[in-house]
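Encoded as structure tokens, the following chain is the form predicted alone, with no partner shown.
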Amino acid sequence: MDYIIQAEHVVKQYGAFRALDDVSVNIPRGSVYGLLGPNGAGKTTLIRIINRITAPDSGRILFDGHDIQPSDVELIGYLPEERGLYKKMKVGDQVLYFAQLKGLTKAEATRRAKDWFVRFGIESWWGKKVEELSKGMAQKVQFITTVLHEPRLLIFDEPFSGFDPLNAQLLKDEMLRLRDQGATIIFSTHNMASVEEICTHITLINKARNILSGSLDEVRAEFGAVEVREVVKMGKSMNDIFIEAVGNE
């Protein structure tokens, strides 16, 4: 198997709180990989370590088979759950600014950005300030800033938060199109509903530990025979919730 990201026995501690406890994850190249689990499970901590925003206390991250380096971050596009646009800056200027930070020339960034604005039907937003946009409108802009430099790895942390179903589907379609063009996608969520629709592989993280990992087909094969109603009677753990979400079709 060809992996773009390998997390090996990652541990991260914040004081007395262990955010990640010996977590290992292998992300196949070309996959849409779901990082699942409740809020506070450790998903975002793992993402921040992959992005070199923070470092593990022990364990390591491999990118394309080597220990991840600062230069590798340029090959990653990251859409954080906490959006980070400058409210007073015009939308078009902001998109070009972030693209140039990722190494694009202004001319190339402008060409790609105009294409994305047409694709999303938001050409009229170019001269608006971010503070004039709704939350959903701003999320579309940040999605564009994340993908514009055409990174090998795209990481989306709760990308559909605050979106109506129509715009959520638009983003799902674009994520799959980017996958088809060669990108690998890590998709973090606590909402199980989108898993079967877009993910090829999953890892379930709960209470800082990797509960299970595998392709969606492998997980179905292992858990598909579970009688969900009987599981519910015993009380739902995160594992049970996952079985209910992707078990029996």
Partner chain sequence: MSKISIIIAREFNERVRKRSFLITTILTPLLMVGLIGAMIAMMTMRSGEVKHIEVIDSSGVVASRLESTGTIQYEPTQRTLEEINTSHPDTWGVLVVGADVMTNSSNVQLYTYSSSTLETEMSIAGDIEQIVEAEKLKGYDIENLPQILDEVRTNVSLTAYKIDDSGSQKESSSALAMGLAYVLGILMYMFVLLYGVQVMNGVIEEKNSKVLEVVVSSVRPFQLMMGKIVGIALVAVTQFIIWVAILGIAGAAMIQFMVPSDVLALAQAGAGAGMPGAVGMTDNAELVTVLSNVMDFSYIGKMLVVFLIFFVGGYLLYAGMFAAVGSAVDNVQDAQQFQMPITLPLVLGLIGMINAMQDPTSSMAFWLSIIPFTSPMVMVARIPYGVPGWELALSIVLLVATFIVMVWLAGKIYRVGIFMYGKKPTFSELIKWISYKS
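Only the largest set of C-alpha atoms that superpose within 1.5 Å between the two forms is called the rigid core. Positions refer to the first chain, counted from 1. Keep in mind the model is a prediction, meaning the values are calculated, not measured.
The same protein also has a form predicted together with its partner chain, omitted here; what follows describes it.
The partner is absent here, but in the model of the complex a heavy atom of E74, alone among D115, E74, D173, E108, sits within 4.5 Å of its partner chain. Taking the partner from the other structure, its partner chain in the model of the complex has no heavy atom within 4.5 Å of any heavy atom of E132.
Within 4.5 Å of any heavy atom of its partner chain in the model of the complex lies no heavy atom of A138. Though the partner is left out of this view, E196 does not reach within 4.5 Å of its partner chain in the model of the complex, counting heavy atoms only. Heavy atoms of L85 reach within 4.5 Å of its partner chain in the model of the complex, making it an interface residue. Of the candidate stretches 179-187, 48-56, 201-209, 31-39, only 48-56 has residues whose heavy atoms lie within 4.5 Å of its partner chain in the model of the complex. Along 1-36, residues K12, Y14, G15 each place a heavy atom within 4.5 Å of its partner chain in the model of the complex. In a rigid-core overlay of the protein, T105 has its C-alpha displaced by at least 2 Å between this form and the one not shown.
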